[in-house]
Structure formats: structure tokens, C-alpha cells
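Here you get one chain, nothing else, as C-alpha cells; it is the form predicted on its own.
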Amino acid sequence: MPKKDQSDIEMLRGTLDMMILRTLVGGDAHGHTIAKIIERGSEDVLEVEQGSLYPALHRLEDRGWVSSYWGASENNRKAKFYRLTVAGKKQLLRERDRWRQMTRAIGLVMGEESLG
């Protein structure tokens, strides 16, 4: 996979929290699984590095948007699993609405037809 340029990294950093919350709508997951879901869901355009993922997960937990617990991964290894909280679901809705507003506004500036 080609090396990501700095603008890709900055864009990912600005939306990573929202993508993590969205990923957890599908159920509890550990960090590696969250990263893989985001990568596959983006058709491998987005690559989530551990150095970005785990600080984001800790930040989301500190804000009460996710909770965590220890369990066994698919290969029976000890792993920390993350779960979306009620507050996290509400935050995801706010972030999704803001994302839609921003992508529409950017599309208008870029001369796109109607975005939705």
C-alpha cells in the first residue's frame, strides 16, 4: 500500500473519532478489529495506525462515549474490547450531522451539484 501523505493523515485525524463510534454501532470490538473495519470499509484508502487509534479510543473513553472491558480475541488472546455508550450514540448522531453539513458546504464551494 502506498505511503500516506500528510494531508491524508490530517483528514483522518479529524474524523477518526466519528469513524470509531460508527464502527462500534455494529457491536463491541477490540482495537485491531476497529482498525480493520475502517480500512476495509474505506476500500483500503484509510489506514488506521496504532499511534492514532489507541489515543483516540482512550479519548473517547475519557469522554464517556465508549466503555471498555477485557476479553478474549478471536485467537484466544487477552484483548481490550470497546463498547459504544448511550452518550456515544448521541455524539455519533451529532458528528454525523456535522459531517453531512461540512461535506455539503465543501461540495458547494467545489462546484458540485446537489450532494443530497
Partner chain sequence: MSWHRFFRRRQADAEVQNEIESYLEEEAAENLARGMTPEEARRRARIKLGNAQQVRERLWRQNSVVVVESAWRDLKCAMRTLTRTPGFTATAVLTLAVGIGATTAIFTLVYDVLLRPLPFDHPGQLVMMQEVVAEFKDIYPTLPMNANHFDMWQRNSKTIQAMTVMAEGSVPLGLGTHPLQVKMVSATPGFFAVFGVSPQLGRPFTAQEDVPGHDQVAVLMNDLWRTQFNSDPRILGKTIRLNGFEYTVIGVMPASFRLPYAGDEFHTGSDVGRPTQVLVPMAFSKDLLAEDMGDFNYYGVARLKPGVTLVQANAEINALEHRIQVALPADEKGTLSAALTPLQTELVGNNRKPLLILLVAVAGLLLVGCMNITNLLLSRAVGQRQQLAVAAALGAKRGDLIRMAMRETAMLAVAGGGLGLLLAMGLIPVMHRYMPQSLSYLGTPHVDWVGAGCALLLALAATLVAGLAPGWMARRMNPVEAMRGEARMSGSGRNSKKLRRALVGLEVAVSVTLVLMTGLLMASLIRLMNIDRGFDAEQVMTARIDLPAKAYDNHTAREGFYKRVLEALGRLPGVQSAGVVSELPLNGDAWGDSARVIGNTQPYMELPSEHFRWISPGYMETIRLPLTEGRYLSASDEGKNVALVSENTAKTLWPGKDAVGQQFTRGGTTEKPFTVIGVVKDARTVTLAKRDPMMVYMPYWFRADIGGALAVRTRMGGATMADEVRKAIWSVDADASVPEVRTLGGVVADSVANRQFEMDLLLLFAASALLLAGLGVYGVVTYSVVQRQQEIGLRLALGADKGSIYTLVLRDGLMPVALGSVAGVVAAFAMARVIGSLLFEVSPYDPVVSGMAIGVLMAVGVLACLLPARRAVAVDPMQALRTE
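Residue numbers count along the first chain shown, from 1. As the structure is a prediction and not an experimental result, all values here were calculated from the model.
Omitted from view is the form predicted together with its partner chain, to which the following refers.
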{"item": "Touches its partner chain in the predicted complex: Tyr82 (any heavy atom, 4.5 Å)", "value": "yes"}
{"item": "is_contact(Glu39, its partner chain) in the predicted complex, heavy atom dist at most 4.5 Å", "value": "yes"}
{"item": "Any non-hydrogen atom of Arg59 within 4.5 angstroms of its partner chain in the predicted complex", "value": "yes"}
{"item": "Its partner chain contact at Lys89 in the predicted complex, heavy atom, 4.5 Å", "value": "no"}
{"item": "Residues in 67-95 close to its partner chain in the predicted complex, defined by a heavy atom within 4.5 Å, in order", "value": "Trp70, Ser73, Glu74, Asn75, Arg77, Lys78, Ala79, Lys80, Tyr82"}
